[in-house]
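This document opens with one chain alone, in structure tokens, the form predicted alone.
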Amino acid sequence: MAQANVFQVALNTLNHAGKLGNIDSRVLEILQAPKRIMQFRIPLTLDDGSFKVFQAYRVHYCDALGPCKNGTRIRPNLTLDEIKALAIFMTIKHCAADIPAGGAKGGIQADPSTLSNNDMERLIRAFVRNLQPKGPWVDVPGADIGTGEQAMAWMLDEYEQITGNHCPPAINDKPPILGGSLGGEAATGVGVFKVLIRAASDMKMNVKESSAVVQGFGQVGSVLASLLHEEGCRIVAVSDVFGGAYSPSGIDIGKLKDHVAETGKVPGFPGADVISNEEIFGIESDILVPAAVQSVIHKGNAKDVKATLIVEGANGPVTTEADEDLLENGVTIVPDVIANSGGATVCHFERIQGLSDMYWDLETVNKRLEQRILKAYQDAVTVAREFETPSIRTGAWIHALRKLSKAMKLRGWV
């Protein structure tokens, strides 16, 4: 089945929430497209002697609440629509979590697995140069799929070479020794776990006696799976880009991590059956966490979902049509803009620490993360009840759109 256009999915959600929430039509008109799109091409002669030109993007969606921030995604099939969708998701996440920032996203169409370390460094540095970065009060790039602490360290160094100033808050998701926040790498997975526990409690579901499926075993999924396993939850299936592992009696996540470290993939884990990424959504479980990429649960497979609680670790993993079908079937969905906002939240903490030159211990970071993400969840639930909708997603978007509307009106934009 053809994958849904993730930007159109985002706009569908925006317009549905806007209509239900009686948001000013002028505000919605502004939000139908990004405020600013930067596109450029990066030519590189690679270490193997080949020559390639890489397409790159940076999208500022809306800055009514503050400077634009976050991620930089690198993957082979990256599209501008994907970056636009991620930028609007980031706009809503910041609103939902009471973060005074706008939403942004960047990306490079490339396959990191085919690039040498030197190729990757030169590509990242060229990306920063082409952005013509203006600093922490305008646009703060961060990490995403295909990038991490090392890439952000290169970004920071390039920014500082260009400007001649040391400025840690200019880039997010850096190593702590360069001004990054403790807990940053695990933040998204930790946030998903905290929200999952609260949502399960609201449903009178005992996680220790429940089963779970985790689709995606990268930075988010592996952290979330480890925390669920430690909590006593029986994780019956896990997958990555290569496929999945299924064991009705439960998978030992610690041993699975060792297996992945040794083989580079989830399939082939001893004692578990090999399953496909499509099959994983139909496995019997109480909890399902899609923690990979967008639009993986769609009209074609939503009917196969057995879980009663879906917590979105990825951005936009459930399409608009699937969302409606799942809600009709009584499935509770904790949306991406709440569930996976832990990374955006700790990026906010990182910028605060960098601007003040005062750095927090891990306990402080995690305590403040838990407080903020659970408040965002409760705000979304409260607004959903106000509008008598079973959709926590709709509640989160209405809550965010109210803030954006107020800010735009105060600024005189509408």
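Computed from a predicted model, the values in this text were never measured in an experiment. Residue numbers run from 1 along the displayed sequence.
Beyond what is shown, the protein has a form predicted in complex with nicotinamide-adenine-dinucleotide (NAD); the following relates to that form.
Asks: Taking 4.5 angstroms as the heavy atom distance cut-off, pick the stretch from 247-255, 196-204, 137-145, 121-129 that is near nicotinamide-adenine-dinucleotide (NAD) in the predicted complex.
Replies: Among the candidates, contact is made by 137-145.
Asks: Could you work out which of 181, 285, 319, 315 is the residue within 4.5 angstroms of nicotinamide-adenine-dinucleotide (NAD) in the predicted complex, going by heavy atoms?
Replies: Comparing distances to nicotinamide-adenine-dinucleotide (NAD) in the predicted complex, the residue within 4.5 Å is 315.
Asks: Could you spot which one of 212, 92, 291, 224 gets a heavy atom to within 4.5 Å of nicotinamide-adenine-dinucleotide (NAD) in the predicted complex?
Replies: Spelling it out, the residue with a heavy atom inside the cut-off is 291.
Asks: Examine residue 72 and determine whether its closest non-hydrogen atom to nicotinamide-adenine-dinucleotide (NAD) in the predicted complex is within 4.5 angstroms.
Replies: No, residue 72 is distant from the partner.
Asks: With the partner left out here, check for me: in the predicted complex, does some heavy atom of residue 162 sit within 4.5 Å of nicotinamide-adenine-dinucleotide (NAD)?
Replies: Residue 162: no, not in contact with nicotinamide-adenine-dinucleotide (NAD) in the predicted complex.
Asks: Using heavy atoms and a 4.5 Å limit, would one call residue 267 a contact residue for nicotinamide-adenine-dinucleotide (NAD) in the predicted complex?
Replies: Close contact is absent here: in the predicted complex, residue 267 is far from nicotinamide-adenine-dinucleotide (NAD), nothing within 4.5 Å, heavy atoms only.
Asks: Can any non-hydrogen atom of residue 217 be found within 4.5 angstroms of nicotinamide-adenine-dinucleotide (NAD) in the predicted complex?
Replies: Residue 217 belongs to the contact set for nicotinamide-adenine-dinucleotide (NAD).
Asks: Check 8, 55 and 109: does every one of them have a heavy atom within 4.5 Å of nicotinamide-adenine-dinucleotide (NAD) in the predicted complex?
Replies: Negative, none of the three is within 4.5 Å.
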